[in-house]
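Taking the form predicted alone, here's one chain by itself in structure tokens.
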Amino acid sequence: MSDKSIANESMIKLTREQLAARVALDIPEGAYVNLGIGLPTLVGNYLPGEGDYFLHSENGLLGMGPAPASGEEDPELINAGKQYVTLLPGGCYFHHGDSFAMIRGGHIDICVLGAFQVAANGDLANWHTGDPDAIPAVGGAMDLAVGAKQIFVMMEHLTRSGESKIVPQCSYPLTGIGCVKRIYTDLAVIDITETGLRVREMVAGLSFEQLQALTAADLVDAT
């Protein structure tokens, strides 16, 4: 039996909600944070309600709270992914040009993005896979990749066909070069450093050797 088969049988993957909660643990109080479209938007639901966290959306929102309860949606309060959001006391909304000025001016502490691929050197590919129905342009993710002080990526470790999303070099068009600092997957937390991809945490039931067998790029065990 291959290492990949053994790992698939023994590991306990994080759910989407558990992954979002894990990322939320590393968001410091007082941080200005942009949550990318898709999976990263779940992180806002797991930030402590008593803390000061400033969630930013590139369509012009600052001070977002958790997703609204069913039936309490405000059609004028949506994030960049067109999902309904709430606005905390003191929150505000403004022109998207000002929102991008915040991004490009280096005023976002952390941006959490999804990805199709992350390379061993921190290159990010998260906007195009070559599919004919894919979005036509990179959009605001390019500005976030170079404008935010730290880029965290959260994603499933493998594609639906079982291929590693963490690769020696991206084969998809790049969103940003060398911009990713940390990767959160449903299997592990991995830092991108000058000395390699350093594994900080792994899910229960998964050994480092099994994780390496599931990862196309070389890893360093730092657990």
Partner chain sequence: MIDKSRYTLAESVADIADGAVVLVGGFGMAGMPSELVDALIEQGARDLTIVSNNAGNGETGLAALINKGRVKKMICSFPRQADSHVFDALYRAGRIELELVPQGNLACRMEAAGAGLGAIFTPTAYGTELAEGKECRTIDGKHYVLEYPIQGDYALIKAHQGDRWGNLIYNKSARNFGPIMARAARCTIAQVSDIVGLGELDPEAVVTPGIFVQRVVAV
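Take the two forms, superpose them, and find the largest set of C-alpha atoms that agree within 1.5 Å; that set is the rigid core. Owing to the predicted nature of the structure, the values given are computational and were not obtained by experimental measurement. Numbering follows the first chain given and starts at 1.
Although it is not shown, the form predicted in complex with the partner chain is what the next lines describe.
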Exercise. The partner chain in the model of the complex: within 4.5 Å of a heavy atom of each of 62, 90 and 101?
Worked result: yes
For this session: Given that the partner is absent here, state which listed stretch (180 to 188, 166 to 174, 151 to 159, 40 to 48) has heavy atoms within 4.5 Å of the partner chain in the model of the complex.
Result: 166 to 174
Problem set entry | Contact label in the model of the complex: residue 71 to the partner chain, heavy atom within 4.5 Å | no
For this session: Would you please decide whether residue 140 lies within 4.5 angstroms of the partner chain in the model of the complex, comparing each non-hydrogen atom pair?
Result: yes
Exercise. Might residue 120 be said to contact the partner chain in the model of the complex, defining contact as any heavy atom within 4.5 Å?
Worked result: no
Problem set entry | the partner chain contact in the model of the complex: residue 110, any heavy atom under 4.5 Å | no
Problem set entry | Displaced residue check between this form and the one not shown: residue 73, CA, 2 Å or over, core reference | yes
